[in-house]
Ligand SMILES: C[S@@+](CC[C@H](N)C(=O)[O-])C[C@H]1O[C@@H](n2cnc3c(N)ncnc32)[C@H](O)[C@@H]1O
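First, one chain by itself: the form predicted alone, in structure tokens.
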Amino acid sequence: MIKIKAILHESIHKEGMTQDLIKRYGGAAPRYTSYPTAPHFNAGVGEDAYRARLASLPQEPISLYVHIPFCDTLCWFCGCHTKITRRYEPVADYVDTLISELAELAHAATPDLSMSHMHWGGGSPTLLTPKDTLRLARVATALFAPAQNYEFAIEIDPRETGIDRIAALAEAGLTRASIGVQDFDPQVQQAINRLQSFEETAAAANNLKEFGVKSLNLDLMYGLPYQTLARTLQTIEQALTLRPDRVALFGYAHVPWMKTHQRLIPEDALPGPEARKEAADAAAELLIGAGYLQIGIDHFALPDDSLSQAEDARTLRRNFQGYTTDQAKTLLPVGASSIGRLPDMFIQNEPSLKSHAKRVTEGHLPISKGVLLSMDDQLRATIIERLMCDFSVDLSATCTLFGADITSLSDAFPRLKQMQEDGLLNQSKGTITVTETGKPYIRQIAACFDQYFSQGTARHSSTV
């Protein structure tokens, strides 16, 4: 509590970012979990192109992302593809569909591929019964054998994750669990329809450790309705008593034009850009003071965690699940709306549960859309990823790697020059280094290299 009071006092008197910079660079920009970003995927890329690439994958480990788009209650802050159900029958049918899809993927791909990483996201993957959890995991690992240092991660809702489900996950080989928290304050929880006590969260964390799950992540948020700076810091202080290996501190993305249920959140209770910035800075100070290292824009990890080690080695990656240590060049999507990546292609499955199931039943890979990556796309994707991960990039060396001339990036230079004048970055001998002042605006800096950003009608969340 003494530490929180000190941070609050310092925050009141700290000058921080000027309103002018927030106004200039705090606008909407992609989160860059891919480049090109998902709004620029198109229906012209489909199953035939996908199958051709699957059949010629190199004999090296791949990753799987399995999407479980079911929840039993709707969290109003959620931006994911989800379906609310109080019956288990649709979930059980969906598991059958996933198993058929996995079998078709393995049949279409290069034989005997191994798997370095499997991630189950949602929705609420822990809605699955222990029997279906084991059934799905065993099929996946039978078709794609776990490679050395294999990681199996899952997103957990502690309100529905009892000992029986945790025991099944441990038996299935779970190595990392991410527990969704958001905020512990009752008024904030009421405003986002996510009622979850600290005791429920602590019970899940302790049970995971007792069953031998080695790594624990906690997912927190700032920018939620009725959150004050003090409430944000109190939540973090409570979360730290569980001593997670990683903390993800996401800024709430209010996108009611895309997720209509977010209209249930009272907009007049949402903190403004300055308050969000203040909360993010103070939260980072508290986490760093507790011994965590800041990773990228929204992650924190203990020094001995693999995420910290990857950042130190400059091998940190960024994909649709955020920051990761996974080095696989291929991420195969499984499940409705799931997004995957191959060396020169992004693909997304059918978002509709009905269409997804129909395609799989008919023996298809249920691809809905995607995008083929030109060499220029791959060059810019690499630059954007390094900026998002390392806050620096050697443009000259990266261009050489792709056989390009640095002049091919000339469209980015005028805005980069203005950002340098505003103190957001430094440029020297073809290398961009983002300053501490510029780090909160890294998405805007990355957008300088995004040739699609000004195209189309896609809307994004605010940077700050």
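Because the structure is predicted, anything quoted here is derived from the model rather than measured. Heads up: residue numbers just count along the shown sequence, starting at 1.
What follows is about the form predicted together with the named molecule, which we do not show.
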task: Indicate whether the candidate residues G123, D219 and F250 are all in contact with the named molecule in the predicted bound form, with contact defined as any heavy atom within 4.5 Å.
output: yes
Among the candidates G296, G180, P271, G340, the residue which, in the predicted bound form, approaches the named molecule to within 4.5 Å (heavy atoms): G180
The unique member of E350, E151, E278, D157 whose heavy atoms fall within 4.5 Å of the named molecule in the predicted bound form: D157
message: Can you tell me whether R194 touches the named molecule? I mean in the predicted bound form, with a 4.5 angstroms heavy atom cut-off.
response: yes
- request: Flag F77 as yes or no: does it have a non-hydrogen atom within 4.5 angstroms of any non-hydrogen atom of the named molecule in the predicted bound form?
  value: yes
message: Within 4.5 Å, heavy atoms only: does Q321 come near the named molecule in the predicted bound form?
response: no
- prompt: Looking in the predicted bound form, any heavy atom of T97 within 4.5 Å of the named molecule?
  reply: no
Residue stretch of 250-258, 162-170, 229-237, 367-375 approaching the named molecule in the predicted bound form, non-hydrogen atom distance within 4.5 Å: 250-258
